[in-house]
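Consider the single chain below, provided in structure tokens and representing the form predicted on its own.
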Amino acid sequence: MSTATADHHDHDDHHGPAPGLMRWVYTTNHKDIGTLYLLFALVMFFIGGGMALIIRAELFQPGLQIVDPLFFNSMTTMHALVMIFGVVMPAFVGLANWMIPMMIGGPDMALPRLNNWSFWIMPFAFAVLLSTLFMEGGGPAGGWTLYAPLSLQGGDNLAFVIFAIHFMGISSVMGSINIVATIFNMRAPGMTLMKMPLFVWTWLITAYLLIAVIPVLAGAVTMLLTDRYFDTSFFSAAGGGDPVMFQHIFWFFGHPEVYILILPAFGIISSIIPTFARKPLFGYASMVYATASIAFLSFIVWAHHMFTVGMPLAGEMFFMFATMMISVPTGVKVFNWIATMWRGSMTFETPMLFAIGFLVMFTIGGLSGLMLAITPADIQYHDTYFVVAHFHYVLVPGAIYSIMAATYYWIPKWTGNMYDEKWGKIHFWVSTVFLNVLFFPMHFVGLAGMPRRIPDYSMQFADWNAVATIGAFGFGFSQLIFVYVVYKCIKGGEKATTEVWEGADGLEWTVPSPAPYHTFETPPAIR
């Protein structure tokens, strides 16, 4: 190191990190950036949740009572965009930032400045997105899928929504490139790919999915933009375009996206269940292959969202069987998690409760998804509340529960303090009861024919809608317990020990991948 460089470093050390708030603006530390992502996701969680409560309040009774139908439609659109791009994805990226360098033995992420940039784009993107609610003509009202020609109606909010989506996409792609670069280049000596913790594996595969499909979304929304403002007619039948083409392009992004929202959750659950069962994960290699299979298959099932557009029978059959195939690797995962718990010395701390809640309710969502894969059945279920029930069972007890499980599991590591176990368990049970009161009745009204995204409905759906709305407000307000537990833990509390979960054989933080190969020098029972 030259004298000048050494002096420069001493000078930097002397000043320390930028004071106060500016430290968070300039930081390139993976832990700081992970914290920023998680806090951002928490704030957006309450914004998106508030939108959901507006939707449910309107649906408490039949008739139009609280909001204008156009505003209702913009709430359904914004609720989804905020929850997907503003809550689940940033929270998973935050967990990746915090944990991946520590799990692979790296000093930080591979590209720290890129890391800072990919976070700071997010708040601006969402400021632009949310600002559309205050524009003339209100927010976007074409659903989160932005189907043409519906999304091409209305005011100039579409341009701002597309601008925001481009920024979120840039952020996601940069974050993914960083994660791939980190995993390939920063692993400790001796950590081969098949020795990485499963959370690292699931994120590696997720990052590849993001890099592959975000540009597809960017293309779709750019074509929408030129249709609206530059007189092209990609999706306008009058000009020789095809509105169904938009659906093909959108779902080619959208289906891998739903796996982007769940694969990191699989990694989290694969870290938590072995810790509290006090056994190594059952079938490590099969879990890696199952994750890769799900990612591959996610690219060839997109049109199962489109069974009602009138595609040829051969197309319907292909997409039906390809969709059913995805249930095989998913079933392998569920089997392996159950096998890990089988005859383990289980304890039921809060992270484990959330993991088991994930397992039970995610499986319910998976089974209703298998029903939706059956073409003739899907034509009946399409655009009803049954579909809403299905994907909320996958995303709320799936993605959201796994993020909460991860928070409870790793927050002692992050803060050095133990969270309040009693309140953590109360949070789990209250959330779980209200979550099922909220989403389970949607299966019934959906099978009875209640359409989604409609602010008014027929009298026969009134009772279950009232039940669901009570569940929604209960679930929403029970998340304040989560904020209380996290805040209290950050502020202080009893100090976490080095072996916070008392895991056997160092299972407490990351479950070291496969058990070592047996040498047979000692009998397996007393090894």
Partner chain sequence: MSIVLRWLVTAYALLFCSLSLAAIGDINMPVGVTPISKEVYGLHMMIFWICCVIGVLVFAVMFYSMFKHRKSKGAKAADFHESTVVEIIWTAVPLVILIAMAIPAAKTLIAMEDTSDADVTIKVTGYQWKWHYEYLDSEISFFSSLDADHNAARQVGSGIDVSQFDNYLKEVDNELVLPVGKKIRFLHTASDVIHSWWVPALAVKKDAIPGFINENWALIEEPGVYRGKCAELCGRDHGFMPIVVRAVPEEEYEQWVAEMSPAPMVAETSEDSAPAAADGDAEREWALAELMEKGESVYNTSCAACHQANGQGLPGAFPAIAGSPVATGPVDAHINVIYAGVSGTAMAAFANQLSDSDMAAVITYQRNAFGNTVGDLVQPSAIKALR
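Numbering follows the first chain given and starts at 1. Here the structure is a predicted model, which means the values were calculated and not measured.
We do not show the form predicted in complex with the partner chain, though everything after this point is about it.
**Q** Looking at heavy atoms inside 4.5 Å, which stretch does the partner chain contact in the predicted complex, given the options 306-314, 80-88, 410-418, 190-198?
**A** Single hit among the candidates: 306-314.
**Q** Can you pick out, from 346, 170, 225, 102, the residue that has a heavy atom within 4.5 Å of the partner chain in the predicted complex?
**A** Checked against the cut-off, the match is 346.
**Q** Could you check which residue among 296, 444, 208, 391 gets a heavy atom within 4.5 Å of the partner chain in the predicted complex?
**A** It is 444 that has a heavy atom within 4.5 Å of the partner.
**Q** Within 4.5 Å, heavy atoms only: does residue 131 come near the partner chain in the predicted complex?
**A** No.
**Q** Would you classify residue 492 as touching the partner chain in the predicted complex, given a 4.5 Å non-hydrogen atom cut-off?
**A** No, residue 492 sits far enough from the partner chain in the predicted complex that none of its heavy atoms falls within 4.5 Å.
**Q** Does residue 148 make contact with the partner chain in the predicted complex, using a 4.5 Å heavy atom cut-off?
**A** It does: once the partner chain is placed as it appears in the predicted complex, residue 148 has a heavy atom within 4.5 Å of it.
**Q** Contact between residue 68 and the partner chain in the predicted complex at 4.5 Å, heavy atoms?
**A** Result yes; residue 68 sits at the interface with the partner chain in the predicted complex.
**Q** With the partner left out here, if you bring back the partner chain in the predicted complex, are 142, 241 and 320 all within 4.5 Å of it by some heavy atom?
**A** Verified in the predicted complex; spot residues all in contact, yes.
**Q** Does any residue in 350-389 get within 4.5 Å of the partner chain in the predicted complex, counting heavy atoms only, and if so which ones?
**A** Residues within 4.5 Å: 356, 359, 360, 361, 363, 364, 367, 370, 371, 374, 375, 376, 377, 379, 380, 381, 382, 383, 384.
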